[in-house]
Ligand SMILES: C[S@@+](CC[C@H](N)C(=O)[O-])C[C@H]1O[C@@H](n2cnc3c(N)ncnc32)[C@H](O)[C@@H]1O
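Here you get one chain, nothing else, as structure tokens; it is the form predicted alone.
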């Protein structure tokens, strides 16, 4: 492990933010062009991990986890196990490789798939960072079809949340495109970087 990697790992374990450019440089170069727009900033990831750490069962689901940045930060700073589901195989491979580099492969798991087809019941915490928005800008698919697919995915997540166990913690950043079910109470709402981080708890 390089001295730079050790320094990043040590700082994050002490919950000290590191520059995003330094952390993002640990991922494959071909993936980094997304980082400034689609990757969770370190400052946000640290707060997300802190809010989700008390989640029941110690298992966290990151919906649309990309290269796994939030999961890796979470695994470095909490005792929870972080599970990322992402539809892009290259991003999942990048997440798995980088988790090994940081030594957190035993508390992270990344799979290729559609998040709304995964069983959410084992997870006491869920992270949503506007997971379907990127697909709206896919120029290969007709704009109307993209919008329809996006709404179908958002509604699928709304249904998943409605079925979540009492006590489930959900953290959103830039939302997820839909509305939280009425069974969730927002207990934290704070400005972090250019948007709000919100913690929601599932009540009876």
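In this text the structure is predicted, and so the values were computed from the model without any measurement. Positions refer to the first chain, counted from 1.
The same protein also has a form predicted in complex with the ligand, omitted here; what follows describes it.
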{"item": "Within 4.5 Å of the ligand in the predicted complex, all of 66, 114 and 130 (non-hydrogen atom)", "value": "yes"}
{"item": "The ligand: the contacting residue among 87, 109, 93, 101 in the predicted complex [heavy atom, 4.5 Å]", "value": "87"}
{"item": "is_contact(residue 176, the ligand) in the predicted complex, heavy atom dist at most 4.5 Å", "value": "no"}
{"item": "4.5 Å heavy atom contact, residue 60 and the ligand in the predicted complex", "value": "no"}
{"item": "Touches the ligand in the predicted complex: residue 38 (any heavy atom, 4.5 Å)", "value": "yes"}
{"item": "Residue 170 within 4.5 Å of the ligand in the predicted complex, heavy atoms", "value": "no"}
